[in-house]
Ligand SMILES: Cc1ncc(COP(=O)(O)O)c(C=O)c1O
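Quick setup: one chain, the form predicted on its own, written in structure tokens, and binding and motion questions come after.
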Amino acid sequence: MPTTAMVDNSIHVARLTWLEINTQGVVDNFLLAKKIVGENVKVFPVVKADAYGLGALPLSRTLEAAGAPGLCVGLVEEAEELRLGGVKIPLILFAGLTPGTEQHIIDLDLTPFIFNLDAAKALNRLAVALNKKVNCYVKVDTGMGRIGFCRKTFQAAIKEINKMPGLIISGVVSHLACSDEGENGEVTKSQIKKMHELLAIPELAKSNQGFNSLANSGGILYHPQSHMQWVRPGIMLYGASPAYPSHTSMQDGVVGVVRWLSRIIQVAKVPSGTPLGYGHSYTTTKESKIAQIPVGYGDGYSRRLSNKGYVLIEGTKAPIVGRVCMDITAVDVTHIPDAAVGSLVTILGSDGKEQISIEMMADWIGAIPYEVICGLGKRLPRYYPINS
């Protein structure tokens, strides 16, 4: 069992399924992003959604220690967790401003994305009242079709924000919609062109501090013209390719960072013709040895893995049989003689010459790698081995 944990040990009970996060791997992927973009471009890791399910606070501390100049969060609550946990570097707030968060943004020293003038005015009023200056990024929609000022209203928005003495425009940001298409994506080329056109607006030149950003993981890896002054790596930090299946993490040079492990809690020999689990969706076709593993969809192990995919035991593939339950999953270990109660089970990661990657699991459930790791359950203990 792992020995270095960042979990609440007040109950002193170790679950027999857990995650091991390779913090050095996260740092290596951060350094890869830095190497790709060069010394003149800053790399701000994205740690929103609990660092894509792997633990925002411990990984933010790790990245801060590794030299990250700042971090990106999705929500004020996420920023508050990091500040309370001692993270000091700048925090960029993707979700922008919502009514009632203005005081928190100032107290937590956040740099929000702005894409709504009413929200900007509210923050400005409070900043002026407190004799503060708040750095912000103006977000523009260059083709994502999501949040951001549209190109037709962008110039007028800049004029208005320039009148707000409590706000400082640190830069302009936008988001790439199709960077996962790889090097020759026409949509990405169009977005880069539109971004440069918008940055040439005279009103912006008067106030923009020039710290502009467009590139996510796909932009970093495949579109050097999108790098600008700072970039925002997300999924590549956590061990998967943003362009899977056309690219793999290995092809991108990205290091895997998460292992999901468990232990067998029961092994039973059953005769041919034995139905298993809810709905009897699987029936043995020969005398079989069936192992039960204490992991299920309550932990984020998708029910879509029922009768699909496999785990690794003794370096050997053990197929999933029957439906994945909330707490238990059955696998066939007939062909693994040493499989017994207590045997180590690899759900994600490597065992001997075999590996189950985030990307493989995404394939099995018809999802994307982001969904796999963001769906990892809160009740899974996260361990951060010192020598990982």
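No experiment lies behind these values; they were computed from the predicted model shown. The first residue of the sequence shown is number 1, and the count goes up from there.
If you look for the form predicted together with the ligand, you will not find it shown, but the lines that follow are about it.
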{"property": "Contact residue in the model of the complex, chosen from Thr111, Asn216, Ser262, Asn212 - any heavy atom within 4.5 Å of the ligand", "result": "Asn216"}
{"property": "Among the candidates Lys133, Lys269, Lys308, Arg146, the residue which, in the model of the complex, approaches the ligand to within 4.5 Å (heavy atoms)", "result": "Arg146"}
{"property": "Location of the ligand contact in the model of the complex, chosen stretch of 290-298, 216-224, 187-195, 103-111 [non-hydrogen atom, 4.5 Å]", "result": "216-224"}
{"property": "Tyr52: touches the ligand in the model of the complex, heavy atom cutoff 4.5 angstroms", "result": "yes"}
{"property": "Contact flag, Leu63 vs the ligand in the model of the complex, heavy atom cut 4.5 Å", "result": "no"}
{"property": "Tyr282 within 4.5 Å of the ligand in the model of the complex, heavy atoms", "result": "no"}
{"property": "Non-hydrogen atom contact Lys48 with the ligand in the model of the complex at 4.5 angstroms", "result": "yes"}
{"property": "Interface residues of 356-371 toward the ligand, as seen in the model of the complex [heavy atoms, 4.5 Å]", "result": "Tyr370"}
